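This document opens with one chain alone, in structure tokens, the form predicted on its own.
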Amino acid sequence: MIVINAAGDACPIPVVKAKRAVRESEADATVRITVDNEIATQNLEKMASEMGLGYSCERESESVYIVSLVKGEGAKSDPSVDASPAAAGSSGTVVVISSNTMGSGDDELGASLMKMFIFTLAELDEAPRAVLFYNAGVRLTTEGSGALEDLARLTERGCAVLSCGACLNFFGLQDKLAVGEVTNMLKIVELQHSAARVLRP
């Protein structure tokens, strides 16, 4: 068994440490990693699913989670982002949204423009591969956002709608996510790095 203490590590370090340990371990090995927040456990669970690993999580206290990753015959040695079901049939375009407004000058106008941008994105003949939200952009994927209906339409068309977990935590929105899934900086970088094109409103 490989034991890793990632308590106190910022996103995406727990996932990076876990992925490295899995890749370097023997077949049928177990990697046990300690983290201190629920977002980290969710990110590790997604990583386990992508790599074909067994996953379990025990909560030892309010801020101590023990995640076990079991490597077996189904594990992939180096999973690609394209293996994600959300990427199937997509165009290779990744959209990056880092604010809940579009442009600068007037926030009310910027909010209106961003809503129209997302609506138009959902109307395209070919949906993007993924839409990434970080910093204040995560406000668009949480309860009360006027963009939820259009973002839901995108997910129905196979587009991955992903919000930065650390950003949700920062704004106190970790329990308010209304569409898509939580992600981490490693996935945000991987998706942009492998994209045919990156679009930023």
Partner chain sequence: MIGYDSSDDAAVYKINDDVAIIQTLDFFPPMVEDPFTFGKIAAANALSDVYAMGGEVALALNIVAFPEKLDPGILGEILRGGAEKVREAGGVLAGGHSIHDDSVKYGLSVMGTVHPGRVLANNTPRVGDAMVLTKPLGVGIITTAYKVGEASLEAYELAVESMQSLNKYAARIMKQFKVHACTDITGFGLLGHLREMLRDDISAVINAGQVPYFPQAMDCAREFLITAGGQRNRNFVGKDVRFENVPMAMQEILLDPQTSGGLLIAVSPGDAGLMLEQMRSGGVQAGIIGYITERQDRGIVVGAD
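Superpose the two forms; the largest set of C-alphas matching within 1.5 Å is the rigid core. Quantities reported herein were computed from a predicted structural model and do not represent experimental measurements. Positions refer to the first chain, counted from 1.
There is another form of this protein, the form predicted together with the partner chain, and it is not shown here; the text below is about that form.
The partner chain isn't shown here, but in the model of the complex which of Ala166, Ile33, Leu154, Leu162 has a heavy atom within 4.5 Å of it?
-> If I apply the 4.5 Å criterion carefully, the residue I get is Ala166.
In the model of the complex, does Ile39 have a heavy atom within 4.5 Å of the partner chain?
-> Yes.
Non-hydrogen atom contact Ile13 with the partner chain in the model of the complex at 4.5 angstroms = Answer yes; at least one heavy atom of Ile13 falls within 4.5 Å of the partner chain in the model of the complex.
Hey, in the model of the complex, does Thr142 get a heavy atom within 4.5 angstroms of the partner chain?
-> So Thr142 does not count as contacting the partner chain.
Any non-hydrogen atom of Asp28 within 4.5 angstroms of the partner chain in the model of the complex | Heavy-atom contact with the partner chain at 4.5 Å: absent for Asp28.
Triplet Arg23, Lys46 and Phe170 all within 4.5 Å of the partner chain in the model of the complex via a heavy atom = Heavy-atom distance to the partner chain in the model of the complex: all three under 4.5 Å.
Does the distance between the two CA positions of Ala152 reach 2 Å or more between the shown form and the other one, the core being superposed?
-> After core superposition, the C-alpha of Ala152 moves less than 2 Å between the shown form and the other one.
Please check if Asn37 moves between the shown form and the other one, taking a CA shift of 2 Å or more relative to the superposed core as movement.
-> Yes, shifts by 2 Å or more.
So, does Leu186 move by 2 Å or more at the CA between the shown form and the other one, with the core held fixed?
-> The answer is no; the displacement is under 2 Å.
Kindly indicate if, in the model of the complex, the C-alpha atoms of Lys19 and Val189 are closer or farther apart than in the structure shown, bearing in mind the change is 3 Å or more.
-> The answer is closer, because the C-alphas of Lys19 and Val189 approach each other in the model of the complex by 3 Å or more.
Closer or farther: C-alpha pair Gln42/Thr142 in the model of the complex, relative to this form, given a change of 3 Å or more = Relative to this form, farther apart in the model of the complex.
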